[in-house]
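Let's start with one chain on its own, the form predicted on its own, as structure tokens.
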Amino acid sequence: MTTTERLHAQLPHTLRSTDFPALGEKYQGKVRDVYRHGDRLVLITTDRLSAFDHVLTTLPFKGDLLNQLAHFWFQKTAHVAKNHVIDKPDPCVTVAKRAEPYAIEFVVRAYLTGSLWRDYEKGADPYALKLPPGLKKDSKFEKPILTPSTKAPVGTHDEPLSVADVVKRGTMTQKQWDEASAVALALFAEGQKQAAARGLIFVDTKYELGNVKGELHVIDEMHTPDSSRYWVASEYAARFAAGEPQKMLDKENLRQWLINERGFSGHGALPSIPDDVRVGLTEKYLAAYEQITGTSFALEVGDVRGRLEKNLRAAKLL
């Protein structure tokens, strides 16, 4: 089978949810099912796909792709910051140290694109950045900037915040913010360097950070095409000069499809996502994985849930 055929064949087997009470108390996020038992977490990255803060569908192999790519980046950035990873007993599972998370998403941006461009175009400045007038879409900033937001419950929208608001609201102390923001920017710089070596532009990303026994750790995921933007570097200059969209290997492909083809940006009835759109986006994720890691991804069509349970039992987690 071709790659596209394998992805279509996997559609009936996608992992939408899990139910393993023996793993501990369950919290269900947009993408991850997180089980807590004491100081241990078991994070299962499902195949759920969210956009504009709503879970819309599933993608074949998405959980495996994201979890394994996050592990790649956790290893590549371990010299920059500590992370929560203990083990990876299954392609879509991370066993992790429980952290006390900050109630903030640390979004780092190097280019004026995505939601920030849409705000800028409307004259809105929710992060109090005071960007100069006359900037073009996909312009590169002189240096990366932080645009924090709240972490809203599933189905509700994250709220953009200015840096001053984070401290003013008491969400973090100034000292905590200074430490966490420095780590986020250092991680982003490392991601930029390594992506550039693989022919990609690391455009923006979000980090979740928390404390484990008083030490700052990176938690959740990092540098995946679900939480980050990647552009093909060799095409950036020509596309920017022509005012054309960049060649993207990330979830922004779906956001643009939803806006342009369904008129959906988070409000109103949830649109259905055709199978060819699901498969096409997975192909973008797959291309990102293989270009970033320099390795191929094994597309083994079959029952994810059965494999997952087998591996959890083998690891004596069930």
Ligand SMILES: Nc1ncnc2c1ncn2[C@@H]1O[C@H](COP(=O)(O)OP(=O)(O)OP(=O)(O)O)[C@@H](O)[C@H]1O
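Just so you know, these numbers come straight off a predicted model, no measurement behind them. Sequential numbering from 1, following the sequence displayed.
This next part talks about the form predicted in complex with the ligand, which is not shown.
- Under a 4.5 angstroms non-hydrogen atom cutoff, the ligand in the model of the complex has residue 84 among its neighbouring residues.
- Proximity of residue 52 to the ligand in the model of the complex falls outside the 4.5 Å heavy atom cutoff.
- None of the heavy atoms of residue 247 is located within 4.5 Å of the ligand in the model of the complex.
- The ligand is not drawn, but in the model of the complex it has no heavy atom within 4.5 Å of residue 280.
- Only one of 204, 90, 208, 138 lies close to the ligand in the model of the complex, with a heavy atom inside 4.5 Å, and it is 208.
- Note on the partner interface in the model of the complex: the residue among 112, 183, 146, 99 having a heavy atom within 4.5 angstroms of the ligand is 99.
- Of the candidate stretches 34-42, 283-291, 266-274, 252-260, only 34-42 has residues with heavy atoms within 4.5 Å of the ligand in the model of the complex.
- Contacts between stretch 252-281 and the ligand, counted in the model of the complex as any heavy atom lying within 4.5 Å, involve no residue at all.
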